[in-house]
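Just the one chain here, laid out as structure tokens, in the form predicted alone.
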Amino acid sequence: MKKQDGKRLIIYLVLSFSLAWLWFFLTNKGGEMWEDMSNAKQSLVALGMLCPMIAHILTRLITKEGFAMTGKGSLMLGMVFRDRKWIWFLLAFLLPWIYTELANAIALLISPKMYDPTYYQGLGVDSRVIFLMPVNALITGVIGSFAAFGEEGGWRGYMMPKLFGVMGRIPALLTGGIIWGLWHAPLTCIGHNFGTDYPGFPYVGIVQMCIFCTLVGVMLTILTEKSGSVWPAAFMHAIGNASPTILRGFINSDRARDLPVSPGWVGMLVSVGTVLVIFLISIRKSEVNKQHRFC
């Protein structure tokens, strides 16, 4: 079984990387930077997010694994809310706001001079709706979860179960995060994830993406396991991409250009790490309580 999982995993990864990187190249042959692209071109390039799920389907066709919708070894496309599984969907909605808002708060603590009470005006956000930005991100994230599903249907729906079968849980979680981060490399190299104005561009950004994907990937994987569905991971991914935050409207990162490291990146790393630890401790306590109830 381990050898079989390994072969299937290799097929999947080759397809996922080759399809996505080819798409990123074909849609941006001129090597245009992300910030210089029109919204239409950004959307076109971003369709590469669908490639992991396409690779998932192609791998199942090649390996003849079948297309069960639910259960072990399935596509995990069902949604079940009974037996308190709705909690995992709720967490998928809340976690991105928690770690993003916390990251911005930490960034402001590191560099208070970034605080700009009118910065949101330059972003085209009305003062009457600035405090509704997390709600807006939640709504747009859920609506836009189709693209995030393209990634999560592949990473969480296929890659992670196969990695677990090949190398065990902890090594799989670490390896899966690094793979996911490296998959983003073409986008990181054009400034999609962290921009271009930072020391060590783009190599430092690729390393940062691997770290971020490993930390967030643990949460996404657990949400998928606990719910038996890839949809909570897709929702969390999409909402996170939509930046559910109020504080971002008051942070002018240009005021921190003289610092050796980005306060935003440090804040995100610390916040995601903190939320992950609390998340894991809470789950562990919940599992222990369940065991005691059945003793």
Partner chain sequence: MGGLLYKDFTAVKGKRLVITLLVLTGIFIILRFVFAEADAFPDLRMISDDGDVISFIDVLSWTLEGLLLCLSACFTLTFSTIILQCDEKNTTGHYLSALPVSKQTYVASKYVFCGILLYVFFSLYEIWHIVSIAFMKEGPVYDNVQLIAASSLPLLGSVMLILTIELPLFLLLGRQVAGVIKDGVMLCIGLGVLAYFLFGDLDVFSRFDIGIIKTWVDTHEFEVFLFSLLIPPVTLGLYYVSYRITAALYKE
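What you see is a predicted model, and the numbers here were worked out from it, not measured in a lab. Residue numbers count along the first chain shown, from 1.
Beyond what is shown, the protein has a form predicted in complex with the partner chain; the following relates to that form.
In the predicted complex, at least one heavy atom of Leu47 sits within 4.5 Å of the partner chain.
Taking the partner from the other structure, the partner chain in the predicted complex has no heavy atom within 4.5 Å of any heavy atom of Gln121.
Although the partner is absent here, Thr196 sits far enough away that none of its heavy atoms falls within 4.5 Å of the partner chain in the predicted complex. When the partner chain is considered in the predicted complex, Phe17 lies well away from it, no heavy atom lying within 4.5 Å. Shown here without its partner, the chain carries Leu109, Val204 and Gln208, none of which come within 4.5 Å of the partner chain in the predicted complex through any heavy atom. Shown without its partner, this chain lists Leu132, Val80, Leu90, Ala105 as candidates; in the predicted complex, only Leu132 has a non-hydrogen atom within 4.5 angstroms of the partner chain. Contact with the partner chain, judged by heavy atoms within 4.5 Å in the predicted complex, is confined among 222 to 230, 244 to 252, 24 to 32, 58 to 66 to 24 to 32. Contact annotation for 77 to 92: no residue has a non-hydrogen atom within 4.5 angstroms of the partner chain in the predicted complex.
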